[in-house]
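First comes one chain, alone, set out as structure tokens in the form predicted on its own.
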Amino acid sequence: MYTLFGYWRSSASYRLRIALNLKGVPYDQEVVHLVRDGGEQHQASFRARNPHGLVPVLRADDRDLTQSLAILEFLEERHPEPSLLPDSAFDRAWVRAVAQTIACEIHPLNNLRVLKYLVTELGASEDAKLGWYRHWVEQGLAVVESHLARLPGDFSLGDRPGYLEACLVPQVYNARRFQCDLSQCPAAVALDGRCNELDAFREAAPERQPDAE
């Protein structure tokens, strides 16, 4: 049994909920509210788990694991079936490239602490903040869209989703939340739609979490 420390709207936590569901791995959840009382991620009790003060954290065998992509790799190694990665080394590199485009290029520019800094420290207006968000998300998803021309079927694993979709679906969710223009990303939108017809994705959705507000 694992314990996932996360927040309902955290896209990195959302990635792991999807991956755990796809693998059929049971887990408990502990809520780390990112806004209440100045953000519970900043409290000493949580900083002891992750000095960066970021979610998610996966508690496994009395050890705390951090960074969502590293945890995805851990789950893939510890629970190899069903695999979330393709068989070919080249195809695995392609999936990881798409995942890292999302997790390393898009997400860091648009997470809560960056948006908060834009407003509180740099004096950005709400319109300017939203413009920043939409610019980087739309630019990044256009790159993802170009990668999706290589899909081997309906999903990254042909007939089923995996690692790639666990990263894509939360990013598309956030793009919609902030009213980004997705008209240039029809393949990403279609893939997101196919995923959200599946129980593993529906059960991982933010609104289905115990701390949803």
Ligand SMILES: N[C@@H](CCC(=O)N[C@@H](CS)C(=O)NCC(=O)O)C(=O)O
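Numbering starts at 1 and runs along the sequence shown. Please read these numbers as outputs of a predicted model, since none were measured by experiment.
The same protein has a further form, the form predicted in complex with the ligand, not shown here; the description that follows concerns it.
Since only the chain is shown here, I'm wondering whether residue 15 would be in contact with the ligand in the model of the complex (any heavy atom pair within 4.5 Å).
Yes, contact at 4.5 Å.
With heavy atoms only and a cut-off of 4.5 Å, decide whether residue 34 touches the ligand in the model of the complex.
Yes.
Using a 4.5 Å heavy atom cut-off, state whether residue 112 contacts the ligand in the model of the complex.
Output for residue 112 is yes: heavy atoms within 4.5 Å of the ligand.
Taking the shortest heavy atom distance, is residue 67 within 4.5 Å of the ligand in the model of the complex?
Yes.
The single option of 172, 58, 166, 55 touching the ligand in the model of the complex, heavy atom within 4.5 Å:
Here the answer is residue option 55.
Heavy atoms within 4.5 Å of the ligand in the model of the complex: which stretch among 22 to 30, 151 to 159, 175 to 183, 37 to 45?
Among the candidates, contact is made by 37 to 45.
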